[in-house]
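Heads up, what comes next is one protein chain in two forms, each shown on its own as structure tokens, labelled structure 1 and structure 2.
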Structure 1
């Protein structure tokens, strides 16, 4: 009885510690929601108060200010994500299922690309984008984004595909299916769960990217959401703190929606393949 009580107290303490930490970790987010619903006057006079009456006008202004940029972000990130998922699926299938001369050498080469850190190639990439005349073009984002994500993707799809019995592909071949056909109708469905993970991971990092769009896109109309909120903020000025913070919340919405539909991926998928012992 006493041991049980002690255990319960222990568990209670654990809950208390975890929940306290969690609450503090959520403070910036709570603050974001609070400030975004307050007017300038409310912020000065009653910083700690509940943001009532809600200043929904902030959100109206924020949406008006950044919706086009959120659209840009979604389009660019989706294009790069689709490209990476497709290339991962193809590459994983080729390396995992097919046998062809130079396979191991090519795979080694592919893996070795992982050693190139972003900071090393930042400058030449910038010069390359300039000399190709891609500055301010969506391709200045999509192409570099899609040059890297597929390495991890290919590794993951490869291990998923090579785990499949070869007989499936053999019998497909006997039934007259070509390489492309068996890729589309067998490999893609098999790799779909891992492809979802790859897609979600990559989409999130593209949508989050700040530095590269800041560097290669200067046209406000073509700018992505993460950079646009700062421009919106400088336009709104000091009196527009509520509006600026509302814009932060607005650009978070697409990722929130994605999370709702794929929380499984976040809670397990992100770590799968990251560590193997």
Structure 2
């Protein structure tokens, strides 16, 4: 009887801890949705109250103000993510499967770039973009994003590729498969969960980037959502608090949808091949 009571108490404490964690996690989201559906009068009179009647006009104004910039963010971030995944897969295959002089030294040199804070290369990167005439163009975002995101990806894909038996790749070569065929038919399927994880992580990073787009993009029509929403919020002023919060909710939707559909593969990629160095 005492053992059963103790077990029930432990389960109750676990459920209470889980419920508390979920409440803390979802409370900001619930608050954001509530504020986004209120008018200025409702916010002043009853900030914590239920938003009724719903001010769906806030979302209409928010979508009208930032939808084009959300599209820009999706296009730029997707292009950079595809490049990162491709370069990571190729680099991981080269360093994990192929054997050539200086491979380890070159790999360690590549990994050492991870120790350099991104803020330190902001000025040289800007000077390079200006010298190439790419400022205020999509390539000013896509190319720097892709060049910086592939290093961690190469490390993870190399770990997955080098952890496989060498006989697999040797058998493919004996059967007449070239390096590209081995890369595409063997290495890519093995590293697919990790590549998905790399893609999700980098896409979220690029989509949420603020400082670099603010630095190199001045055309409002080409600007990304994270910068455009600041402009939208400034134009809305104090009278458009609900509209501003609705805009934040709008630009969050693509990330939420992407993570829902890729969460299972994302989690499997975090635990596969990432511990071997």
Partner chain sequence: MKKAMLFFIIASAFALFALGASLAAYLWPAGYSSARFESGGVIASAAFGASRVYSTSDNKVFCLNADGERRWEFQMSGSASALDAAGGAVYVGLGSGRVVLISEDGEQTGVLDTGSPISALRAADGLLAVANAAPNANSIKVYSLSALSLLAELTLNSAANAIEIGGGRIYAATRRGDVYLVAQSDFTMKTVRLDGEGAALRLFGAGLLAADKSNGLYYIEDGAIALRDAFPGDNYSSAHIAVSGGTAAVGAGNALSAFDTGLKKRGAALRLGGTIQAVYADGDRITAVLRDENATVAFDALRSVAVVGVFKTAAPLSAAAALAVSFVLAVFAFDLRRVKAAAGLVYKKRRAYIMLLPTFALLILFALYPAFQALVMAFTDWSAASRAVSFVGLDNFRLMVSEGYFLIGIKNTLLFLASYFIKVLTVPLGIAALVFSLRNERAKYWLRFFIVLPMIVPSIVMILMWRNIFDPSNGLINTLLRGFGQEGLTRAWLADERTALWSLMLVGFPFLDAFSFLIYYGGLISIGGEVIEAGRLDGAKGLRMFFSLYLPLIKAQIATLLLLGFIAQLQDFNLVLVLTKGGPGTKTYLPGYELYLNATAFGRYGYACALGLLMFVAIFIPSFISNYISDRRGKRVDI
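Everything numeric here is computed off the predicted structure, so don't read it as measured data. Positions refer to the first chain, counted from 1. Under this definition, the rigid core comprises the largest set of C-alpha atoms superposing within 1.5 Å between the forms.
In this comparison the chain labelled structure 2 is the form predicted alone, and the other chain is not. In the two-body rigid motion between structures 1 and 2, the C-alpha atoms of residue 138 and residue 189 are best fitted by the same superposition. The rotation of the smaller rigid part against the larger one between structures 1 and 2 comes to 23 degrees. Here the rigid core is superposed, and residue 23 then shows its C-alpha moved by 3.8 angstrom between structures 1 and 2. In the rigid-core superposition between structures 1 and 2, residue position residue 8 carries a C-alpha shift of 5.6 Å.
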